[in-house]
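To begin, one chain is listed below as structure tokens, in the form predicted on its own.
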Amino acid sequence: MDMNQYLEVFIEESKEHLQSCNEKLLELEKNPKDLSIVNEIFRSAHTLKGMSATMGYEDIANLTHQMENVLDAIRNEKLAVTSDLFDAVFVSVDNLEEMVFSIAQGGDGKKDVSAVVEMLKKIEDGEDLNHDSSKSENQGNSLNQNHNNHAIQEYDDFEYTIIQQSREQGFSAYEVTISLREDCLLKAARVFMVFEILEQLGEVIKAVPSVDLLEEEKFDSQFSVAIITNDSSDDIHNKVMKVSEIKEVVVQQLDHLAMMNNQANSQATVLVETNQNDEVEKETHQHVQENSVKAAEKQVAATSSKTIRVNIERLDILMNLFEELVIDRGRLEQISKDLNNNELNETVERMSRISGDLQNIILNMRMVPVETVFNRFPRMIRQLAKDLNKKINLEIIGAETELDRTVIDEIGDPLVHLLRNAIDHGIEMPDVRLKNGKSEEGHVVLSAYHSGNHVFIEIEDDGAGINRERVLKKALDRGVVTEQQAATLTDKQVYELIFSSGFSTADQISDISGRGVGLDVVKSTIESLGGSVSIDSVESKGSKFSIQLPLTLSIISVMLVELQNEKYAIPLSSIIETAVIKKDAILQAHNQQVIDFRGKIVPLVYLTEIFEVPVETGNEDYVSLIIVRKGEKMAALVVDSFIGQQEIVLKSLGNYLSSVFAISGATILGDGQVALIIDCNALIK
């Protein structure tokens, strides 16, 4: 069988399972007694093992098999969850991720995992654990757990009545527990075959897990069925064992009196339960059951959701085609305007409305929750905290906020830089925090939210903040600012100096940060996306980095302007307003032309000079201006005339023209002309 056709699905599903493992392991670390979480991790590992074995990736299958053994020991309470155990399992997941990403990049997915497998085996054997005294107790508990796993345990009144009536009519009730082989690939098919046999023997009254979950393979390798039949337990055992890939079949007759006694004992146990430890165990057991039910409900809900998985390349092709349509729409609007034909005007207006709706749908399809990027950070923070011997709590808010996929692809690295800086430079060591009257554990908040046509991502920490004098001293030493300039800088302007190239206030270079690279790259990456980054900080209280990003980059709204005979586009997101002023209103300040704009002095920028446009006409009494902003700074761009607002498709200038000053791209207009798109951020210093 050619497995290449399944490769894409394998890679995507493997990534999802590994992400789930990472998230659930972090959750388990916080709630080590919640065994339902272990079950979820086990399911992901088990599915990954089956998929990789089917696809022929033996190293992945071997490692997941050993990881599964450790998880199995945890859920059967043979192993206690410890920091060492978590580290080992996290290392295993890292190795698995490495192999899956290798396959995604065209590799063979092979890796020497013998050391990790050996480490897991040692943990499984309990070599690094000192729980000998409690071992026998744990083993006892595990035996009970195993026994419980083999039993359905509970029957409701209706089922109990059926069992009772059947017994009165001479039938017997059995609980049949079927264990599938670990290498069973078609579990649902085996379940179907078992049910077919059992239904021929009698009437199935209950299954655990439920039939829906069994059909969807939402179980590990074992399931139980209650059946009423005239056949003997040996007949049931022998017939079910004829199904291939079945490891074990246990048939137990349901004793009516025993069931009554069990129920009575169970009720009595609840009534006389006074021991505090027993109460804790009961609460834990109930919690596990509730979580199991919730997990099962979530799984059922997930399977019934009406979504399909679409290759992102197909969406890119659809987007490219739509961009061509937007250009043609502009062309049609221009022709319709020139011809001034009513029928044509109406048709073009209708087409514009429909294409506008289509544009919204396509853009929404490309929106991806920032969760896809944020998911990787909890694990990274955990490792950094361990490496630096710090205690850090990461809080994520607004992970469901959506951004265009092209933006999502780019913001991962800048966020990694900012988080690493916050943890390395921002959060103090636990003893220092205690001395400063703070809690031992540092708090880092990563949040995202929508506002207008932008998405804001903020990273806030309650660490040491930025020391203004220290930053200024470094800036003066490096010649980034002069002493005269330094005296006039506000706190915010001083903090922004750390975005200068090669700037670092770290006294020691570490593997985490402080090499003087990073923040300048963060700033340039975010600005290349049409966004901006700013800093707020209070010394000894903490810092906040705010990133503002556009919702989408492909189709943007612009103001078209004319410089002599050339047309340019200025993004609306940068424009505050347009104005026409008399030449007399232009003032001089520090050898620069400025205007008084609502009480603020705003410098004039002559675009014809910046872009070296040949000036053929001039000397008019009035000047047309577009006031643009970058953060709190403003500039007045001098243009010859305004054309109007339009939606355009942003096209790259390509590699050869990537360094053209203050131009971020180009677009094709309705009349077929090419208009350059002005990068306002580059014009404002």
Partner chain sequence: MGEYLSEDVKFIVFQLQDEEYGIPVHQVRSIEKVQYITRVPRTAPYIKGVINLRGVVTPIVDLRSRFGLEEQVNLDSLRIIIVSKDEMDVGFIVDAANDVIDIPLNIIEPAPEVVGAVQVDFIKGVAKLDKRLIVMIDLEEVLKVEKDRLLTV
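As the structure is a prediction and not an experimental result, all values here were calculated from the model. Residue numbers count along the first chain shown, from 1. If you superpose the two forms and keep the largest set of C-alpha atoms that fall within 1.5 Å, you have the rigid core.
This protein has a second form, the form predicted in complex with its partner chain, left out of what is shown; the following refers to that one.
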property	result
4.5 angstroms heavy atom contact with its partner chain in the predicted complex for Lys651	yes
Proximity of Val674 to its partner chain in the predicted complex, heavy atoms at 4.5 Å	yes
Heavy atom of Ile610 within 4.5 Å of its partner chain in the predicted complex	yes
Its partner chain contact at Gly107 in the predicted complex, heavy atom, 4.5 Å	no
All of Glu566, Leu657 and Ala666 within 4.5 Å of its partner chain in the predicted complex, heavy atom check	yes
Candidate stretches 415-423, 111-119, 372-380, 566-574 - the one whose heavy atoms come within 4.5 Å of its partner chain in the predicted complex	566-574
Flag for Leu25, CA shift 2 Å or larger between the shown form and the other one after aligning core	no
Threshold 2 Å Cα movement between the shown form and the other one at Thr608, rigid core reference	yes
Did Glu324 shift 2 Å or more between the shown form and the other one, C-alpha, core superposed	yes
